[in-house]
Every structure is written in C-alpha cells, then in structure tokens.
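Below: one protein chain in two forms, given as structure tokens, structure 1 then structure 2.
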Structure 1
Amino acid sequence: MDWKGYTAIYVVLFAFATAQAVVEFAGLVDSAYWVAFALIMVLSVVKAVGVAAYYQHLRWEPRAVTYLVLGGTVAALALTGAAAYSIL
C-alpha cells in the first residue's frame, strides 16, 4: 500500500475517534448509557479492525493469523463488556 492509502485509513480512523469523542461530550453517556456504550464499542471495533488489517498488514497474512487476532479481539470485547456491566 502506498502513502495515499495509509493517509486515507488515517483519516477514517480520525473520523471514528472524533465520533467517539462527540458521543462522550454530547452527554449521551449520562442520558442513555447503553446506547453510548454500544456506539463507542462499534466504533472501537471498526477502528481496531482497520488498524489490524492495514497498519499491521493482517489483510495480507495467512488466514490463521487473522483468526488468532480476531479471537483476541472478541475476548477483549467480552472482558470490556463484563467490566462495563459490573460498573452499573
């Protein structure tokens, strides 16, 4: 991938990070916690997949490596969900 591709991915990741900040600063966390939590988690997963696929070159790796990373991501999401549930 050339530098234009990396720049495009960076811009998309920046947009998703900005959307996460908007969700937090708009007061959605206080008024509708689970909606805000779901939005932030979806945006986080999209960002993680983008980083793993392009910056860590998993898109061009054997499928077994991709599945290993996907398993770790699912485990991290499960732990994050359990931690968020225990806060309430």
Structure 2
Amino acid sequence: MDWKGYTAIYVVLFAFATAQAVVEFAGLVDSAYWVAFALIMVLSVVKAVGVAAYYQHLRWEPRAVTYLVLGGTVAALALTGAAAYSIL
C-alpha cells in the first residue's frame, strides 16, 4: 500500500474517533444508553479491524496469522463473556 492509501485509512479512523465522541456530546449516552453503547463499540471494532488489516498488514499476511490473532481475541472474549454471564 502506498502513502495515499495509508492516509485515506487515517482520515477514516480520525473521523470514526470523532463520531464516537459526538455520540456522547449529542446526549445519546444519557438518553439511550444501550443504543449509544452498541454504536460506539461497533465503531471501535471497525477502527481496530482497519488498523489491523491495513497498518499491521494482516490483509496481506497468510490467513494463519489472522487465526493466531483471532485465537487470542476469542480467548479474551470467552473469559469476559462467560465470567460476566456467570453473575447475571
């Protein structure tokens, strides 16, 4: 990827970060917390996937590297999800 591609990704990431703050400044966190929660977390996931795919070049690495990363992510999510569910 050349510098133009990297710059385009940067602009998108910057805009998404701003959008997350706007969700709060607009009062959505107070008026519809779980909608705001979902929106903000989806934006975070999209940004993270963007950084991993383009800045860390996962898109061009063998799939096995992606599976390695997903392995750690799934383990962390399993711990978080199951532990939190256990006390609901």
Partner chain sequence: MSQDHEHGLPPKSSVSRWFLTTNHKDIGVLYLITALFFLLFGGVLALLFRLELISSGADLLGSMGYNQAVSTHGLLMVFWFISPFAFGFANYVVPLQIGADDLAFPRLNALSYWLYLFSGILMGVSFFQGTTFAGGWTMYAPLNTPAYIPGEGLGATSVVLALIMFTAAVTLGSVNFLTTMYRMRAEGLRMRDIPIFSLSINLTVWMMLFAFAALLAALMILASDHILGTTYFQYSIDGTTMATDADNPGASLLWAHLFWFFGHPEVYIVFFPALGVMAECFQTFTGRRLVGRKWFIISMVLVALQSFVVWMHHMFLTGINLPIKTIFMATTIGISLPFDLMVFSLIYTMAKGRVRFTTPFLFSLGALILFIIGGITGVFLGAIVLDYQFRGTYWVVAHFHYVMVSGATALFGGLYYWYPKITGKMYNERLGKIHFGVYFLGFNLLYFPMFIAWETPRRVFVYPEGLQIWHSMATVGGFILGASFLIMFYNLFVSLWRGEDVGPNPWEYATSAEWAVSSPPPLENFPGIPSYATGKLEFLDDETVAERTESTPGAAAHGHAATDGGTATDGGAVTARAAVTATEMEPAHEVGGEEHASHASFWPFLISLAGFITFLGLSGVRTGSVFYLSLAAVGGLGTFGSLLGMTRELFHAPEMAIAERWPFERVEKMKLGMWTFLASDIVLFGAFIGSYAFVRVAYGWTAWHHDLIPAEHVTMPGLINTYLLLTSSFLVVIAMVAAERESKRGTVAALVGTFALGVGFLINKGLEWQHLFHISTESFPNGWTLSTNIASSTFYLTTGLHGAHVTIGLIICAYMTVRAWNGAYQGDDRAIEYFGLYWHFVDIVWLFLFPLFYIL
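We call the rigid core whatever largest set of C-alpha positions still superposes within 1.5 Å between the two forms. The structure presented is a predicted model; accordingly, all values stated were derived computationally and were not measured. Throughout, residue numbering runs from 1 along the sequence of structure 1.
Panel number for the form predicted on its own: Form predicted on its own: structure 1.
Is it true that residue 8 shifts between structures 1 and 2 by 2 Å or more at the Cα, once the core is aligned? Superposed on the core, residue 8 moves its C-alpha less than 2 Å between structures 1 and 2.
C-alpha of residue 80 moved at least 2 Å between structures 1 and 2 on rigid core: Shift at residue 80: 2 Å or more after core fit.
Does superposing the core leave residue 70 with a CA shift of 2 Å or more between structures 1 and 2? After core superposition, the C-alpha of residue 70 moves 2 Å or more between structures 1 and 2.
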